[in-house]
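The chain below stands alone and is given in structure tokens; this is the form predicted on its own.
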């Protein structure tokens, strides 16, 4: 019964862990600019993230260790230090983008500029982390995040041409704005394969005291949960294609994206968009802040755990406190949340090699995993992910300057 409940909660957690400001922004731009042409990039990234999430959970269940601590212990501190510094900066940018998403959602419903909401939002996130347990964070934000299903409902309400949607599942060359097309494609992949997700997931599995009996549960969470989150992102893309593209709206700011749900839900559409954006970003912000605190504490051998009292893991709590404050500064400075989000998603893609190479090494360590280490098929998938990540690392930054909007 406990494992069945864990599966259900894990599926719900995909709403907060998968669909966030990055998915919302990239899906809206993809649908608005290229209608259904970029569906393939979302599906491709979903397949990759299913494998990576399954591996991170399997590793934690089989070894009893979270990824950062395992990389430090088995691959060496010096091996991990460079990637750790880079991923820390990425965590801060992603956290800033999530705080920006919440702040902009509040601007939509109050009319008060998003920059004025940065620190109040930061305080709410901090209070949540300071007072709540891991399961309370996991369950409450996930249940609230179900409101994002409104994008799927709206997609069905608009009756999209199914043959065009199906055709979008196959990669095609762009008919216009080639640089922007590939920029958004890379941004979608970066938004789905977010490095923080794996560190949070493996650390959360350790917090939940998973053992080898959870390997099958983990597989179900990975496949069903990530697919569920992807369906919401796909719904947002389809809605943007049906509502924004015909009107020539390219989504250069979130005010334009806010119109996505008003046709399907004439009275509640605007509120639903703001609520979906705010809640999804809140769930993601909590996960990103925890992920950074987990990675930092495990890297330096500190006490860590959201279920511990702050005085029992003071440096863990201090880490997420400082991270939230620094990330809020980015938004309080008035940096456009949409531009920050799109740039951050590209950076996510650029740092993928630092995530995937340790995966390949650790998942083949029989001393740690025994019979749960990777087989030839899983290794083939990881090698493909490594190759893709290197390609993305090479092209992502130039695309941000050439095709960024």
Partner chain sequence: MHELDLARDVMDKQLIDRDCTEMGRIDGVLLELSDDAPPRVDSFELGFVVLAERVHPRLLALLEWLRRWSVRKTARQIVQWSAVEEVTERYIKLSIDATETPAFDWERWLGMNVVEHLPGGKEEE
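Positions refer to the first chain, counted from 1. Just so you know, these numbers come straight off a predicted model, no measurement behind them.
Absent from the display: the form predicted together with its partner chain. The rest refers to it.
Site residues 41, 46 and 385 are none of them in contact with its partner chain in the predicted complex, judged by any heavy atom within 4.5 Å. Of the residues given (119, 134, 126, 228), 126 alone sits with a heavy atom within 4.5 Å of its partner chain in the predicted complex. The contact with its partner chain in the predicted complex, taken as any heavy atom within 4.5 Å, belongs to 63 out of 374, 356, 37, 63. Just one listed stretch, out of 86-94, 243-251, 179-187, 73-81, contacts its partner chain in the predicted complex at the 4.5 Å heavy atom level, and that stretch is 73-81. Of the heavy atoms in residue 303, some are within 4.5 Å of its partner chain in the predicted complex.
A residue is said to contact a partner when one of its heavy atoms sits within 4.5 Å of a partner heavy atom; residue 298 meets this definition for its partner chain in the predicted complex. When its partner chain is considered in the predicted complex, residue 314 lines it closely, a heavy atom lying within 4.5 Å. Remark: residue 130 counts among the residues lining its partner chain in the predicted complex, judged by a heavy atom distance of 4.5 Å or less.
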